[in-house]
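What follows is one chain in structure tokens, specifically the form predicted on its own.
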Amino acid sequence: MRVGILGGGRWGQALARLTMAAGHQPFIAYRDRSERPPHLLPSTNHPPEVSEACQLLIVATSASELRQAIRLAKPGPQNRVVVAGRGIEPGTGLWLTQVVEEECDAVRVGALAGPAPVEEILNGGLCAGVAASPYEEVRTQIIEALHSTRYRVYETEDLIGVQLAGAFVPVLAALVGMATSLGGAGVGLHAMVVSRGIEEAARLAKAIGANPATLSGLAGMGDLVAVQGTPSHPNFKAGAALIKGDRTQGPRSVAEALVKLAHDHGTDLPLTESMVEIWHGKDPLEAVQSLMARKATRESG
């Protein structure tokens, strides 16, 4: 099986290594101006060639670069396109699979998420992911392409829930980074923001028709555990930077999109809303104190 990968960066190369571990051949599309040819991996700087050669395409770009990657590759109805990036498209608030559907003729899409530290994969580490699609054919192809003794692939039909988890994890990672760096804070605050963060993400999942349990799985809690266990992770560092007054880093636009989505569906996200307020200038300690002063409520709500 030949597996197309759009994006020649470290994540694209990691996915190529997983493809090879599963006994298949990766074919990477990279861009001349922003990416180097992947070392010792089959690749081309002509993205449509990958779409023509491979039925399954895995998009390994950031949310902001995905639309252009699809425009360059020009997938058609014969392609199955799987998004392996996190987040919501900046500016539009669209799920990344919606961007794919807007930009090409591919009609069967999916998403891949979960705790997959790039450097660990490139160094032979073990990890797992979840393949999401309403189409059994797409889920089966992802599993065939990537599942091996190095990388376990689970499946779900909850495409929106997995993408919601992928959007929430960077925001919660920044929150954990901030909480961990807050003077006088300890593991109690850390534990609270992780557990309540996942709970509020699950509450939004229910409001938009996704499966709340997805947030407790690999795409949600699993990914967050991996990120918060990596202090050098960009989003974790962005949260720590907020304590020092640096508001230029982190997934601010994603957090704002999640808050808007929640308001549109009649629910609230106290932790995420507090992060947005901090990015807009509110003092982090004041934000934490406001959260602690909220009226007591049921743990499930």
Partner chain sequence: MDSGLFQARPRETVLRDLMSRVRKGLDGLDDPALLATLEDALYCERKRLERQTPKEHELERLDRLTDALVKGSRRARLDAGMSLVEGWGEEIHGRFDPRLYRFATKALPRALTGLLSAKPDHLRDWDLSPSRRLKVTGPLTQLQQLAKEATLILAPTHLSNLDSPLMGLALYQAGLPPFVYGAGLNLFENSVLGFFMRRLGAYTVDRLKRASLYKEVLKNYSVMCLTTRHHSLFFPGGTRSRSGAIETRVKKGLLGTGLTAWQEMIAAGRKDPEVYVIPLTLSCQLVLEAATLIEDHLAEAGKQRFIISDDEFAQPRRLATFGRRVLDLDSSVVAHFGAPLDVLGRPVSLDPDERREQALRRRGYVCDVNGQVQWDEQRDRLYTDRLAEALVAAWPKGAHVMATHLVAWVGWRSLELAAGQRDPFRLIRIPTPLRRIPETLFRERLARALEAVNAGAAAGRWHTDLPSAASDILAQALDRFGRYHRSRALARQGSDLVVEDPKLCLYYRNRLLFAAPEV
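This one's a predicted model, so the numbers in the text were calculated from it and none came from an experiment. Residue numbers count along the first chain shown, from 1.
FYI, the form predicted in complex with its partner chain isn't displayed, but the following is about it.
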{"item": "Which of 173 to 181, 100 to 108, 120 to 128, 224 to 232 sits within 4.5 Å of its partner chain in the model of the complex, heavy atom basis", "value": "100 to 108"}
{"item": "Contact test in the model of the complex: residue 137 vs its partner chain, heavy atoms, 4.5 Å", "value": "yes"}
{"item": "Residue contact check: residue 76 to its partner chain in the model of the complex, 4.5 Å heavy atom", "value": "yes"}
